[in-house]
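The chain that follows stands alone, in the form predicted alone, written as structure tokens.
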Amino acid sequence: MAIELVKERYNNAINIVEIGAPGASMIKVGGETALPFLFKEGGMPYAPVTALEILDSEPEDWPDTLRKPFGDAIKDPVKWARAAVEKFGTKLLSVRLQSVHPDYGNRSSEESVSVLKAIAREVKVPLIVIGCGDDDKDNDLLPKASQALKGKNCLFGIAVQENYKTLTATCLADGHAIISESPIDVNIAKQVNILISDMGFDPKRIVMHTTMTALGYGMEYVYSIMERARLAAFMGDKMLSMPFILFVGAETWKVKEAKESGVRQGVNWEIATSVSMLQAGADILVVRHPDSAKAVTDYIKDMMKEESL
């Protein structure tokens, strides 16, 4: 006798967030009404996407195996951006404005924004723009970066509980979506989204970054937090109904085993981490190695074939 599978049904959906100006290159993420790839329980109107990450200056601490695919282009952020789009086919580009950080060059905000504007002129794909991670520097840098790209509907980050007002105000004024971040905690994730929304920012323009770690370094905890947030959203919690973004590359390539064990192990580590995060509900995966981006994109295409499930 055939056994009928038990199916979960939900009445609520994840918000749909648009990145990029209207047109062929615009990216849409979110919209799920079921856990990842469970098409018999609900829908996934938009496939998860991968983005290649570049920096606004040559990365001095990247291992050779990560630098090699880009060749000399990695020394020039504009050429690097062009290679990511034209050579490796990324449909979404993440630019980390790291050079203003005191430990990575201590450049002026104006220098960094000048590079960002040149990248935006050169490539025609939607942009994710991330600050350097130093609050004082970012509070000066990100408003200038946001204003420079006004009207391009970028995804800007990162807003945290202790430092969200400046970025929220400038994204609201310049028409960008925003990344909210929390330290692997559902309650804090919700609180940050509430704080941003209380400033008049549309919750449907927020993408969540719950922070993460690489495969083998406590990822099961990250997975459980993401799953809890997603289930809460399906049950009607509007302040957790945001798509997820995860910076897989930044976490993977700082792991000793990935950096020191040759190109394949590092790439495989990035792929395995990405695939695990997709199963937890990731909508945007920011990776660093082109081989990882291709493998993960192919995996997503396979998983989105409903008839195979």
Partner chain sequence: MIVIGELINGMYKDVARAVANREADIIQHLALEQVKDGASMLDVNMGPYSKDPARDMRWLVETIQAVVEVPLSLDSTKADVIEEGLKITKKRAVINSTSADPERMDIIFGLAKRYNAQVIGLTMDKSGVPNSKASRLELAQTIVAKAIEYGINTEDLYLDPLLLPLNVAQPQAVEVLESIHEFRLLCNPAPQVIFGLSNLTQGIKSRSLINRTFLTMAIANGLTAVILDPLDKKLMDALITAELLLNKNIYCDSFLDAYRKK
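Positions refer to the first chain, counted from 1. From a predicted model like this one, the values you see are computed outputs, not experimental measurements.
One more form of this protein should be noted, the form predicted in complex with the partner chain, which is absent from this view; the next part is about it.
Peer 1: Out of 225-233, 127-135, 80-88, 174-182, where are the residues with a heavy atom within 4.5 Å of the partner chain in the model of the complex?
Peer 2: In short, 225-233.
Peer 1: Just to confirm, with a 4.5 Å cut-off on non-hydrogen atoms, which of Lys150, Lys75, Lys238, Lys144 contacts the partner chain in the model of the complex?
Peer 2: Of the listed residues, the single hit is Lys238.
Peer 1: Just one of Ser197, Ser114, Ser108, Thr166 has a heavy atom within 4.5 Å of the partner chain in the model of the complex. Which one?
Peer 2: Residue within 4.5 Å of the partner: Ser197.
Peer 1: Does the partner chain come within 4.5 Å of any heavy atom of Val186 in the model of the complex?
Peer 2: Flag for Val186 set to yes.
Peer 1: Is there a heavy atom of Lys190 lying 4.5 Å or less from a heavy atom of the partner chain in the model of the complex?
Peer 2: Looking in the model of the complex, residue contacts with the partner chain include Lys190, since a heavy atom lies within 4.5 Å.
Peer 1: Report yes if any heavy atom of Thr213 sits within 4.5 Å of a heavy atom of the partner chain in the model of the complex; otherwise report no.
Peer 2: No, Thr213 is distant from the partner.
Peer 1: Under a 4.5 Å heavy atom criterion, is Gln161 part of the interface with the partner chain in the model of the complex?
Peer 2: Residue-level check for Gln161: yes, a contact with the partner chain.
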